[in-house]
Each structure stands twice: as structure tokens, then as C-alpha cells.
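Presented below, as C-alpha cells, is a lone chain in the form predicted alone.
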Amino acid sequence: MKTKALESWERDMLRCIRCAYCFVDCPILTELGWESAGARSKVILSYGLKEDEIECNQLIKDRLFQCCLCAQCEINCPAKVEVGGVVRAARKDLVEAGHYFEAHRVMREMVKKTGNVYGEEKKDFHYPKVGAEFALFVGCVGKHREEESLKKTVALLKKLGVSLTSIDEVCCGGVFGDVGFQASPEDAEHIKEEVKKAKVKKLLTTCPMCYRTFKEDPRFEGLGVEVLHITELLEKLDLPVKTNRKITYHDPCDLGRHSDLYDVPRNVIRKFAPDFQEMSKNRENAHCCGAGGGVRGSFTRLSIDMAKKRLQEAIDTGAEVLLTECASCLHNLKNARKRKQKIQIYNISEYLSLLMDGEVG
């Protein structure tokens, strides 16, 4: 098996000192229990593939794709190994050798056909406005799986007087680099052209993965606008509402560990929720909800089990409301909730909109 992508990660693989600090709080290892599921083992397996010492089989493929790329292991690693980079490279080599998951291939095909990972018709979501300050980019999950939340977010922005327009969206492609497939240069060019046509100076994202992709993916060089996550905008605005309910917050991995936005969403929440309670694991040590890294698509039950544990942490705070600001986290946590669990789950922007309308206390 050719391992061209892994060649450039040899230094990181050799830098691993096998200490197993990466096992601490790894959500995959916690669920599966096997040492082979941990980050250290993923590095060893990747090196074995690169050196042609092992051949890929179903178990090795499973282990290398059973990773949310949440980067908790990198926070704990004393040798500063970029485990996520190694895993992404291994996945790329595996996919090129034909060792991929059908769910990921289908997602890529659906984007080619319909512009979104679900293969669904485009939603009627277009708010054209000449001279707007912001172009809103929602992402696949928000538009196709959390539509009610999205509607409330758009309503909130209008209530707050945000000058907003939208563009003809296609998937940003960020997920495909995570699962070993090539993201579309054509789709990136389409998005860049749409932003240019909108004549805005700022691109507002509700999805942390899209946010990261626009900022980091070379396909989006020359985008020509400032990219903001919606919490960065809300932090600057006056929020004329308050709630007395006890609130807690889940850090999305793409917003927290990957983008270092920890204080911003908390600053927003504290504006309207004086009774804010952190979960025991928060900020850089926040547990992953299990939605990322392609795990939800290929190991759905594993993903939901991780979300159940994270949700229980929120319940243990005594909070009545769990907030986040990521459609993927929102969707996974809501799917994990049992009927008997009374805690309510919203995006921050969604909850604010409901609060302003008097629909929640």
C-alpha cells in the first residue's frame, strides 16, 4: 500500500514517546475500551502502514477511522504530536488504496449531485439584500437537519438589526479532508464567486467546521472577506434580554480546541444568563460530543454513545438548559437525549431568539 500522505508525518510519528497520556479523556477509547482505539495506537498503526510492516485489514481501518479528530489527545500530549494530522494522512492513504467507508463515499457523491452531504434538494433559504454587511453561510447540517434552529437564528439576527444577506451555498467540503477524500476545488470556487457577487466584507458562519475551513483550507485563499463565527458577532451586540434559568455550555471541538474560541461564547451567555454553570470538563478539556471526524456517518451508535455521556455531564450540573453553537453538536446531543431527561438543548442564537419572543423563560 502506498503511503504518500503519511511520509510527511514521519517526524510526528517518531516523536511519540508512547506515554499514553493521550488515553486520558479520549472519547473513543472510553467507549470501546481497547488500547488499539487510543491515539498512541493510531500513531503506531500509521507508522506500521508507512513502513509496510503491516497490511490494512478491517480492524486497522476501523481503528483509524474511529476518531473524532477532537484533539483532546493533543492537549494532553507532552511530546506535542499532531495526532490529528497523522490520522488524516493515514485516512487519505487508505482511501486512495480503496479502504474507505461507503457512507463517506456516498456523502462525497451527494455533494457532487446536490451541493450538500445529504443529497437533498436545495432548501428555500435565500435572503438577498443589496449592500448588506454580512453574508450568512449556514452549512449542510444547519440547513438540512436543524432547520428550526436556523430559522430562529436568522430571526434573531434580524431582530438585532444585523445587515444580512445570503448566498447560493454548496458544501464547504471541510469534512472530506477529515475522512480521506479530496474536497472539491470547484465548490470552493463557487463559494468564493458567490461571496464576491454579494459584495460584502464579512462572511458570517453558524457552523464551526465551515468557520475553520474558510480560515484554514488553501482552497479558500483569496476569499477576500473577514470570516466570523456567529458568537463573535453576538459578543459585540447588546442583548436586551435575561433569563433566570440555570445554563451550561458545551464547547464544540471545532470552535474550542481547533479555533481557540472559549471566552467568546461564554461572554455571550453571561450577557443574558447570570446563572451560568460550567460542566466539570470544559474549555480545552471539554469532552467531545462524538459528531466529528466522520464518526457519526460511519459509526453512528458509537457517536450517540459519546453524546449520551456528554449530555449526562450537562445534567449533572443541575442546569435546565444546555447551550452550544454548532449544528452538528446540537443535532447529536438532541439525538442522544432520552424522553425522561428534561434538560433543553439549543444553540445560543436559537435560545436568544426564543427568549426575545417570550417563548422560553
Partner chain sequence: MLEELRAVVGDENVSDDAADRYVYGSDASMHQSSPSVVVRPVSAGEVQKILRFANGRKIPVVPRGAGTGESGSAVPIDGGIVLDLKRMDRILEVRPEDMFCRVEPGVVNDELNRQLKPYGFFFPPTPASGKVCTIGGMIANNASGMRAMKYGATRDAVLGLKVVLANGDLVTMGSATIIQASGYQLERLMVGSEGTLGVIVEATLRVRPLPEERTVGRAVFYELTQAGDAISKIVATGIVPSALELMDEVAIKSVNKALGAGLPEVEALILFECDGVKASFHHEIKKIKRILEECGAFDIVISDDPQEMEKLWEVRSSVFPATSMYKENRIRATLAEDVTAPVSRLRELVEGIHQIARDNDLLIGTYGHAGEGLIHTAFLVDPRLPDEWDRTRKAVDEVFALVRHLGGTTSGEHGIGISKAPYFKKERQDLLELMRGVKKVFDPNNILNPHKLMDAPEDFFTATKLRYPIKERR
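Note that this is a predicted model, so its numbers are computed, not measured. Residue numbers count along the first chain shown, from 1.
Not on display, but discussed next: the form predicted together with the partner chain.
Proximity of residue 297 to the partner chain in the model of the complex: non-hydrogen atoms within 4.5 Å are absent; the residue sits far from the partner. Within 4.5 Å of any heavy atom of the partner chain in the model of the complex lies no heavy atom of residue 97. Residue 80 belongs to the set of residues with a heavy atom inside 4.5 Å of the partner chain in the model of the complex. In the model of the complex, no heavy atom of residue 304 sits within 4.5 Å of the partner chain. Only one of 288-296, 316-324, 331-339, 55-63 places residue heavy atoms within 4.5 angstroms of the partner chain in the model of the complex, namely 55-63.
Residues 32, 33, 34, 35, 36, 40, 41, 44, 45, 47, 48, 51 are the members of 27-52 with a non-hydrogen atom no more than 4.5 angstroms from the partner chain in the model of the complex.
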